[in-house]
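Just the one chain here, the form predicted alone, laid out as structure tokens.
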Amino acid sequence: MDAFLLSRLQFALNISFHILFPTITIALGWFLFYFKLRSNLSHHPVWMRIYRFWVRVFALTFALGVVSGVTMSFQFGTNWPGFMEKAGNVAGPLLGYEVLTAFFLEATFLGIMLFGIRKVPNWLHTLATFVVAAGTTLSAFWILSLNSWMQTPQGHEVIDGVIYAKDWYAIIFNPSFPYRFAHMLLASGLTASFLIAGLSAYRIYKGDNKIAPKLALKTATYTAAVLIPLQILAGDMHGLNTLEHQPQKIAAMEGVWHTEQGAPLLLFAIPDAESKTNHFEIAIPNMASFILTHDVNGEIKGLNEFEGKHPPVAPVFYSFRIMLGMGMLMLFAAWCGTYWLLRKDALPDWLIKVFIGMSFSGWIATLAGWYVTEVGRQPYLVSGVLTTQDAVTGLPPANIALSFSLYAALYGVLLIAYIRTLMLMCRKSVGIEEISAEERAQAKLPLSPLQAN
């Protein structure tokens, strides 16, 4: 393999590992803020117990996100020097804004949130939780703004092959940014919801009969049930925006090789790049045109319209279907869970196991969607402006292969350790005693219906 392919594989590995953790912490920060507010308003100890468990999960996840983000940024200089040389006038400030306005904010108040719960006034600790949650969202704002600009660039000019900013408002709020930002925030909400629901279900499955995991499971399930329809709506709007600005990506997602009206929706197919056709198609007639153009006879441009300027079809085509398939599973689990919790106030054993199995389902959907976005931009690094080939390093392939191997080994160990630590935290919590009757009496707390059950 040459330096170009190895550099792409290494960056894909790094971004894939890194994005696992922010996609949890962005929404988990807001869950923590909700738990803290419920604790403040109700004065019920169970909400603080939920907060204390999940703040430890947040701390662990945040730490891995920071570490993997730092190593990822090194590659701009080592593997993709052409990107910073030609697009650094735009990328550099946006990354700098993320550090100055978001990361420093998170880092400053994170210590108060984690270690100041008994050392600072309650209002300050609540404020710190809010600021950390807002900081994670603000961080996503700047990163998604830069990445969206790379997808749909505007507000710049190119002089002697170097990109210069002309209009920062146009750069930040580029055409795809609102849709991609909303799509990512909802994806994070679903990822955190299923993580909370899955680990809470695991605690219940292991014999934890306390109130905290049951209440956390309810909160996460209801949240997921609300967010998944919103995500479907946001995804539809994002698809329409992509059709307008990146029709070649849509053609790859739908497996449309030749421009056609009334294009079918392919549920399954095997794309063949050499013959420019699909094998073993299972399709719904006219449905792709209806979804994308809201007209059963709407026209979708085929890949033949973008010869040499369209992405590899198979990765985009399959990743898109994995994302959709996981989304449908999330919809099923969230709505089934909501039904059982509202009707029976508990989940049946089979649904408990479904939630445990889907603890990290958000990761699968997020990674699949990210591959659709990033691979779908090829062969460009900045769409229509800078090709990926023009930005790659001139380092010997052996050097890149060595660093790629080391990254893969390290990330594999860290990922296994992270998941194992979460499981150990859940199993350990099973043995922690519930709040005693004396503690409830001292706090003058009545038994809630959940406690009575």
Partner chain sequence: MPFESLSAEALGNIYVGLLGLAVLLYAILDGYDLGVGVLFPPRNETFKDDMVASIGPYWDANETWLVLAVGLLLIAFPQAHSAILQTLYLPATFMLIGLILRGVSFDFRAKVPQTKKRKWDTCFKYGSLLTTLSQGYMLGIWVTGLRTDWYAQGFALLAAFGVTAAYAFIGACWLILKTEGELQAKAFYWAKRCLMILAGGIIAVSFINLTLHENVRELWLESPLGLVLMLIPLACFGLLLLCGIVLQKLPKAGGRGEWLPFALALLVFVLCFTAFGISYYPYVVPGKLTIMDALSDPDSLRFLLVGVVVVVPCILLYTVWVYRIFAGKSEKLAYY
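These numbers come from a predicted model, not from an experiment. Positions refer to the first chain, counted from 1.
Another form, the form predicted in complex with its partner chain, is not on view; read the next lines as being about it.
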When you measure heavy atoms, are Leu230, Asn286 and Cys336 every one within 4.5 angstroms of its partner chain in the predicted bound form? no
Given that its partner chain is left out here, which of Lys119, Arg343, His279, His294 has a heavy atom within 4.5 Å of it in the predicted bound form? Lys119
Among Val99, Ile270, Leu324, Ala170, which has any heavy atom within 4.5 Å of its partner chain in the predicted bound form? Val99
Which single stretch, out of 109-117, 230-238, 296-304, 347-355, brings residue heavy atoms within 4.5 Å of its partner chain in the predicted bound form? 109-117
Residue-level contact is defined here as any heavy atom of the residue lying within 4.5 Å of its partner chain in the predicted bound form; does Thr387 satisfy this criterion? no
Spell out, yes or no, whether the shortest heavy atom distance between Pro81 and its partner chain in the predicted bound form is within 4.5 Å. yes
4.5 Å heavy atom contact, Gly77 to its partner chain in the predicted bound form: yes
Considering non-hydrogen atoms and a 4.5 Å limit, does its partner chain approach Leu406 in the predicted bound form? yes
Near its partner chain in the predicted bound form, with a heavy atom at 4.5 Å or closer, the residues from 33-60 are Arg52, Val55, Arg56, Ala59, Leu60
